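Next up: a single chain in structure tokens, the form predicted on its own.
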Amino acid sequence: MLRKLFHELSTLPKYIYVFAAITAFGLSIGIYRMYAGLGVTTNLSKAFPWGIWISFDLATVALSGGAFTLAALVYVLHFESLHSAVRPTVLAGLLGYSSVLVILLFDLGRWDRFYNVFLHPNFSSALLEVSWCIAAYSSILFYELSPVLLEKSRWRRFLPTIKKYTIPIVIAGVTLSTMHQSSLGTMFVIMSPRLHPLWYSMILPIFFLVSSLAAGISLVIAGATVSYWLFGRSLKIRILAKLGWFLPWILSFYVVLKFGELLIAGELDMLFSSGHYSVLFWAELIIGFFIPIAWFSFKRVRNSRILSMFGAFMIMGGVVLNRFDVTWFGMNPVDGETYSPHWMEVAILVGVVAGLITIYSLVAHYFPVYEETELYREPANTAPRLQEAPASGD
């Protein structure tokens, strides 16, 4: 039995062992944080009660938006050609939301009383809606992924029942995800004295929702190319092209909305007069919105795995920077006090990200996550040179 176990372990890609070691180190620091408290292990304070962990959470939720976006396109709007992207996207969404819940547990002062959000709800708090929706939507994502986990097990007899209720469950999931994607922006509407006017807006919920649509689709596109690299399977290029077609429209709507809001608020002069805030604002717009709008407008880009992946990473980078700007970089100091993360905060965060990659790789290795995608080559332990898929497979 041990020989079989060692043989099985030897078939895993080598990078999994590296990320597993990083995960173990990060979580060991996390255990110490739970024992010692926030004061010793973080640089959080009354002036900055939220730091890099919350920035990561909001960025991860935005990237995980691919799950509800794709579910809406496939099950509600009947874009059946995109169905092959559902399984890997739902897995990525579930692990993304799970990592958010783990980080939130580390971020709670009294992590041992996390259940109070359910037992003693505060119905006047925006955090209540966010907490409930994230927990409920994570359960729905697990339900959507359950056919993958049960398909080759003795419990597969439950698959007909699960599939029977998939569409109403997915619709409920899309509704919940839409609510909490926008309500994450609602939390910062009350922070007008702290958040710089370049990011503060009464319609922050709409900005968060629209940008999450672009980030989620971009994750699907980038993930399809990475899966080709690591697992030898990927989506057809015409599916990536169809997803890429949506991006310029979504991004353009966001940009028009953003500049229209600044114009109506009379804050256009701040675009070039706010010092490093102006630099951050233009960086997120140029990297994540302006360049990708032009980039994905070309059919040649949408029909290339490498070019579309590059554009997708630009969009994700811009949206991630936006979330960090809103939650951290764009916050005005209080009495001159600033925030920079403690090394333990960073170590825990890196450990959670490494754990996410490790679990995703293991699930994709042992379960039929990519069964509906195209097989271009047998997966290897080392990543080969990335090439375009054969035209016949498209």
Partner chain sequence: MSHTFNTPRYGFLIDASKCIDCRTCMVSCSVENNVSMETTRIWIKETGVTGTFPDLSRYTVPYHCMHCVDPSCVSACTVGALQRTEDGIVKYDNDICIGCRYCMYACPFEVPNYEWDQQLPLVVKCDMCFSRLEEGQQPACAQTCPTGAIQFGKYEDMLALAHRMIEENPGKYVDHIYGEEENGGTATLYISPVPFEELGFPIAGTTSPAYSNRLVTEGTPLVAGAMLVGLSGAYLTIKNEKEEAEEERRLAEQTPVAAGEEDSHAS
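Positions refer to the first chain, counted from 1. Predicted, not measured: the structure shown is a model, and the values here were computed from it.
One more form of this protein, predicted together with its partner chain, exists but is not displayed; see below.
Colleague: For the chain seen here without its partner, which of 235 to 243, 261 to 269, 312 to 320, 88 to 96 has a heavy atom within 4.5 Å of its partner chain in the predicted complex?
Modeller: So the stretch in question is 235 to 243.
Colleague: Taking its partner chain in the predicted complex as the reference, which of 122, 297, 153, 273 has a non-hydrogen atom within 4.5 Å?
Modeller: Selected residue: 122.
Colleague: Name the single residue among 179, 102, 135, 307 that comes within 4.5 Å of its partner chain in the predicted complex, judging by heavy atoms.
Modeller: Filtering the options by heavy-atom distance leaves 179.
Colleague: Given that the partner is absent here, does residue 350 sit within 4.5 Å of its partner chain in the predicted complex, heavy atoms only?
Modeller: No, residue 350 sits far enough from its partner chain in the predicted complex that none of its heavy atoms falls within 4.5 Å.
Colleague: Is residue 126 close enough to touch its partner chain in the predicted complex, meaning at least one heavy atom pair within 4.5 Å?
Modeller: Residue 126 belongs to the contact set for its partner chain.
Colleague: Quick one: is residue 107 in contact with its partner chain in the predicted complex, heavy atoms, 4.5 Å cut-off?
Modeller: Judged by the heavy-atom cut-off of 4.5 Å, residue 107 is in contact with its partner chain in the predicted complex.
Colleague: Considering only heavy atoms, tell me if residue 346 and its partner chain come within 4.5 Å of each other in the predicted complex.
Modeller: Looking in the predicted complex, residue contacts with its partner chain do not include residue 346, since no heavy atom lies within 4.5 Å.
Colleague: Counting only heavy atoms, which residues in 41 to 64 are within 4.5 Å of its partner chain in the predicted complex?
Modeller: Going through 41 to 64 in order - heavy atoms within 4.5 Å of its partner chain in the predicted complex - the hits are 44, 45, 46, 47, 48, 49, 50.
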